[in-house]
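Two forms of a single protein chain come next, each set out by itself as structure tokens; they are called structure 1 and structure 2.
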Structure 1
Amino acid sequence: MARQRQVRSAGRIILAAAWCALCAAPAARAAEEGPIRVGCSITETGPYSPPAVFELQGYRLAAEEINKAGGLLGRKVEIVNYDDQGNPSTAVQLYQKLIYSDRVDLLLSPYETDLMSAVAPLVTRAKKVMPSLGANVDAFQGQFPYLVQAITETPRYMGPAIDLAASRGYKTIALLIQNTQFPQQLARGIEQEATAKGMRVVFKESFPPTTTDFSALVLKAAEAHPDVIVGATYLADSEGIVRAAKAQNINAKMFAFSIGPVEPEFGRGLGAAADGVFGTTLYFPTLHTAGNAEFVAAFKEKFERMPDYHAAVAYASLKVLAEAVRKVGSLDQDKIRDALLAASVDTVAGHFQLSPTGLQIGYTSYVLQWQHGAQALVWPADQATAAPELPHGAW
């Protein structure tokens, strides 16, 4: 009796499977004629959403332009996105859904490194190519062969700022580093760049991300009499360091920070004290990169605000991915990856070029300075909209 039931249920499973296959076949054919679906998760809500929403808008604009120009492989491009709320485990679930349930044709990256790193193993297992918006170099050493870096790599972040300091004959650097992954990797890049340019790091100290009082740290850094005070920082700590320096009248010829001055809040929060401070950016609306003027105009028209660097690198990454698909002529992920690794393309965010393991070696960064309450692009000289004001005067 039991055996008979087993046989019968096995038969039922086979029938069910056949039925599914029958239903699925026309659906699959329809999918091939329908749009090319490009999936990603984006932090649309929560405290980490502002940069990620820029990214989504960059993706949307790129998709719209691709469709206007006739689509991809004769099909429209459609972005399928879900809200990961900035939570890495949510992002993993969403990519699982995108890959195995929605069966999207192509993948794009979430923002930022934490989310990108969380989905990396899954994306690699599924053998899906993903142009990734994570600046840290760890994910691009060969263990995730389907990930390619579509943003400036961390160690190159402050290269141009050090280059500017060296061009003025400055010799010594005090380096203040937030004790988290990105700033630490960045600091190693700063040290290498400084050594290459004949400069010396005379003071180096790291501080935890919860630090709010920088007075003693800045006082101690000043005792090494550095020409340049450099912070491998984010917004709040860069403001804290500038405040502590001003309140104690600690002067240097140049103050430069990785992240901080690039945010409009830096100028709003510090007022006149922001003037003269240098920062790094990966993109600026005035850049003379390929198609940038058109990109800025289209972005402004569609979203009624200026694009920032998140929007620009996201826009560029979908454009580069589409170009690779076009070159391959199919959605074969291995061939697309090889096409991306071989690519040498000019984008709005700069020259896109990868190392054999997918590390971004083309994109660079730019130096901005707060001048009279506004950001000006000051270095490298061929992209500058204003001359750098150096040395930094007494507070």
Structure 2
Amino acid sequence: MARQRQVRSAGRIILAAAWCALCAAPAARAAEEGPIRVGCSITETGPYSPPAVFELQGYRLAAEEINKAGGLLGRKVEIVNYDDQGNPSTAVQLYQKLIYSDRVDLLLSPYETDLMSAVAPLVTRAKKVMPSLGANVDAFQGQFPYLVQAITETPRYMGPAIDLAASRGYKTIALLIQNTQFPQQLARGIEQEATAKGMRVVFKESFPPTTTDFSALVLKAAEAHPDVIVGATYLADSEGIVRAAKAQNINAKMFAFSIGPVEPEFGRGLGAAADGVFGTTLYFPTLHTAGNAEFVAAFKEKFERMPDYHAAVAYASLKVLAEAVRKVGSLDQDKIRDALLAASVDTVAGHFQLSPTGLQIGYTSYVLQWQHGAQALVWPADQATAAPELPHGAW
């Protein structure tokens, strides 16, 4: 009798297990047939948000176009993003959530090198591929094998601006540097470029990222009588330096900054004081790059503004990642990484190509200038939409 009860009990367990398996199968199929979830954190609030929001819009437009073309591996692409507020520790927490709680299928990059550096060890431990929009070269020397650089590397970022200055016979530079990772590495690249062009850095000083009053710093720089004042900066500090220079009637022959002049907010914030100021950009709407005219039209229609380089490199990074997934035919992270390392792709941001350790060796940079309240591409000459206006006039 006991033996019969054991048999009946075992039978019920087997039936229950079979029923659970049958119930689980549709759920598993639904998961496989559901959207491919692509996760990132983006600085949607705080002082670094203007360029970061451009990146998020680039990601979203790329996802929309991928879906209109039939999706990826027969599935829709869905962007899952959170606001990291420009805080590295918050970014780490959010990527932990994306990887281990949300269990996203693919990763995209946060904005800004400090955040990318903070999440790099976590992404590597999880063995998740991430096309990175961090421009510094340190993370792409082999220690983070699942990161690939999807933006022009920092040391080459300001090269064309130095080239333009040298072409006008300018010899001396004052270098103002925000004390964070990207500007510090950028400053070293500027010094190398200047030396190669026969120019000298006659003044160099770093300032905290919390600086709001640049009067004393600009006065000290002016005492060296530089031909060119260069800022390794972001948006807020580049605006602050220009305001201080105007207020104190500091005149150099050329003013050039990273990041700030690229953003529309630079012109809106400074008004006429923006005119004559140069910035380096990794992209411009008039470039004859692959698919650029269509990208500009689609971006303008969707977001009611022109794309900047942050939008373009983000858009291109998701398109290149999607192409790598298609090529391998799965979400196998090792295979996707290998496909990216082997990629040689023309994008709206230029030619995407990587070194064996994932360093970007294809993309380049350009020089824009604010002229009469608008941005114009002015260097190199074969890509320019207007001639550079030099020297800088009176404020």
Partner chain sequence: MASIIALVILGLLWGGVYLLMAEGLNLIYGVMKVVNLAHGDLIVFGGLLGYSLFAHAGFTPIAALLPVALVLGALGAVVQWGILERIPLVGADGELRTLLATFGLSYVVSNTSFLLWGGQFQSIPFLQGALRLGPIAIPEGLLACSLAAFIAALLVDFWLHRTLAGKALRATAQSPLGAASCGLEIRRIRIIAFALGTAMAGGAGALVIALVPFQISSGGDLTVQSFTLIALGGLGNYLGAWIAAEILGLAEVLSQYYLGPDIASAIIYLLFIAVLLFRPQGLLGRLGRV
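Keep in mind the model is a prediction, meaning the values are calculated, not measured. For numbering, take structure 1's sequence and count from 1. Heads up, when I say rigid core I mean the largest set of C-alphas that superpose within 1.5 Å between the two forms.
J.: Do you think the form predicted in complex with the partner chain is shown as structure 1, or as structure 2?
T.: The form predicted in complex with the partner chain is shown as structure 1.
J.: Pick out which of A221, T152, L115, A314 lies at the hinge where one rigid part swings against the other between the two structures.
T.: From A221, T152, L115, A314, the hinge pick is T152.
J.: Work out from C-alpha fits how many degrees the smaller rigid part twists against the larger between the two structures, would you?
T.: About the hinge, the smaller body moves through 19 degrees.
J.: Can you give me the Cα shift for V378 between the two structures? Core-superposed, in angstrom, one decimal please.
T.: So the C-alpha of V378 has moved 2.6 Å between the two structures.
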